[in-house]
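Okay, here we've got a single chain as structure tokens, the form predicted alone, with questions on binding and movement later.
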């Protein structure tokens, strides 16, 4: 029988701890509580087969929008419309840059001479997959996919394409959410999946050097066998590649503990548009010689160069992991709980996630097998707190004491501690399952925002007032690092509702000096909205850097920066 540890408020100063049957609405009293489990993120169980990706876990998306995609078949100087609005933003109307050349037979022959025939892909089925992002929101019309196996081949491809003014799109696992990894028109797709070798691993220093095409989950497995962990954990780790992760400065669930890739990546090798290879593949923790150029490429989404190798600092794997699923009466309590968690849990705090009651309601009503860990009532807010450390008894004692003090102080209304990996999975399934539940509920406009923690939920409430009963407004995300996932859920897409959402959501975010993209990047979806988060002077400097490193603009055109400034 699966059980979990339940905290129930008995009076203002005394509490009883209950052990509840996870398959029942009833509980039986037991003294004491424990909550240790052995892994920090059981998403592998959600994916099942390690070869599966989230696109197979979430098939309802294809049912929603699979038939609504429009191919970019007219390219030379014609207007191209991207009509799909599954994740927000009005349809994007783009004009193909007329200075870009189109592929001809001589180009194909040349590519085959250098790469070999099997690495020059023109098969329609494989082209369709490479032209379409994994959420099936964006679709290009490229007629060519190139599969380099070495940095030298990447260099040759770019040098040739630059001389011919052929636009290119670097592509990793193609798991992005903002249209950054697929063509807008007929750009040549350069996939990095064949460059998947682990070059070296220094166990003493904890430094991994690998090629950009390594799948994140494969790196996780390799490091696990060595007693280490990746500082990055993403839901799409079964498909995404480390080069793409670095190019988009991916965030994820371990951000609170290990920080961004700007801090964990020690070095890079990158290829510029003209084929020049920049060797920045250092493995030193300290190197104060001149400008740290690697940071230009982290988060640039392939618009400045193609990352071919990565050197990354990885932490040792710790043995003690605990997970609590908690209820709070209001958002202020969530904020105060975060503050207290940072103070009292300190070095063992590894994740702090939140979701509101509407998020919880969606998950319970639309996902099979998901149960409320805190029956029978619903609460206004829910928080997941994860701790990771090296001393099981110390960590448990520290977390238990923190939870009891927090409940006594009124910050927590109720809570449970996971007893094993299955219960930990069920808790994470609720938080991770919100996007899937939103898909099953109908149409959804999605926004990935970074805001001061005290202002995050104000936006959700302001949007509810603005939209009224026309839509359900849902808020959840990474409270520990100020990342709000704002979702507008309604039965079907409605331009009137969208007109109320945008540009209001961007203007509100800008008013409080937030970011319109916390971890998903800008890609095509938000390239023309960068001014909401960056000053004109900053954008102008970015454009200057783009033109310096890629004067012909062939690298991932139409993305990241406004096309009006880069073309």
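Owing to the predicted nature of the structure, the values given are computational and were not obtained by experimental measurement. Definition used throughout: the rigid core is the maximal C-alpha set that superposes within 1.5 Å between two forms. Positions refer to the first chain, counted from 1.
There is another form of this protein, the form predicted together with a small molecule, and it is not shown here; the text below is about that form.
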property	result
The single option of 389, 252, 373, 475 touching the small molecule in the model of the complex, heavy atom within 4.5 Å	252
One residue of 323, 161, 326, 306 in contact with the small molecule, assessed in the model of the complex (non-hydrogen atom, 4.5 angstroms)	306
In the model of the complex, segment of 107-115, 120-128, 313-321, 229-237 with a heavy atom within 4.5 Å of the small molecule	229-237
4.5 Å heavy atom contact, residue 241 to the small molecule in the model of the complex	yes
Residue 140 within 4.5 Å of the small molecule in the model of the complex, heavy atoms	no
Residue 350: touches the small molecule in the model of the complex, heavy atom cutoff 4.5 angstroms	no
Touches the small molecule in the model of the complex: residue 447 (any heavy atom, 4.5 Å)	no
Flag for residue 313, CA shift 2 Å or larger between this form and the one not shown after aligning core	no
Flag for residue 367, CA shift 2 Å or larger between this form and the one not shown after aligning core	yes
